[in-house]
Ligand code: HEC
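Here you get one chain, nothing else, as structure tokens; it is the form predicted alone.
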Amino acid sequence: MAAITKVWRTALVALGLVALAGAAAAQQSTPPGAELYELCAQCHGERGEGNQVVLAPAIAGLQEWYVVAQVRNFKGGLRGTHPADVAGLRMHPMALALETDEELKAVSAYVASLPPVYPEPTVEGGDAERGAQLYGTCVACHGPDGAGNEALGSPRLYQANDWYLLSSLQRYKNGVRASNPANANAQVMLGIAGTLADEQAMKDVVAYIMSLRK
């Protein structure tokens, strides 16, 4: 009887170790930022594909450094505090939900790890050929191919929704997305957007950016 009991105890211990190993493996296979991203997924989607209805752009595969910078801007009030910035006002409290810098970096790394999404263009009436000339003012920061420049804090452009690019230019030009003078990059974009005469010019440059997709 004692021998049988010993065998059962050994078997139970072995099963316990297997269960612990399985739990540890499951934890290791889940990226640290995946659970934190569940808050973001409500608007940006499970795959980071975005949702225009709630003004949430596609974010899957964005450069990690850019996501970190923007979430910090939202969290610190450098972005998303203007009363006319509907989407930004939503992002400000979302960013505050990330209590530590480690959480912020973890969710940013997770967003960057998602397979890039290239949303279908929805903005109509843009002239890419005319936009190519207007894009000349963007080259210094975003590059001739729209790939961005980390040293200048300039993100990749061609991966974005065209409606989001148009909306961003509009908000930069009217000062909504450049309302805080401490946000240096936004101040630069305020000036750049100001060189675009009207909404047609904005649509043209956005159409050109969409043509840069590989």
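For every residue, the number given is its place in the sequence shown, counted from 1. Just so you know, these numbers come straight off a predicted model, no measurement behind them.
The same protein also exists as the form predicted together with the named molecule; that form is not shown, yet it is the one meant from here on.
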query: is_contact(Pro32, the named molecule) in the model of the complex, heavy atom dist at most 4.5 Å; finding: no
query: Gly76, heavy atom within 4.5 angstroms of the named molecule in the model of the complex; finding: no
query: Val54: touches the named molecule in the model of the complex, heavy atom cutoff 4.5 angstroms; finding: yes
query: Close approach of Gly88 to the named molecule in the model of the complex, 4.5 Å, heavy atom; finding: yes
query: Residues in 43 to 78 with any heavy atom within 4.5 Å of the named molecule in the model of the complex; finding: Cys43, His44, Val54, Leu55, Ala56, Pro57, Ile59, Leu62, Tyr66, Val67, Gln70, Val71, Asn73, Phe74
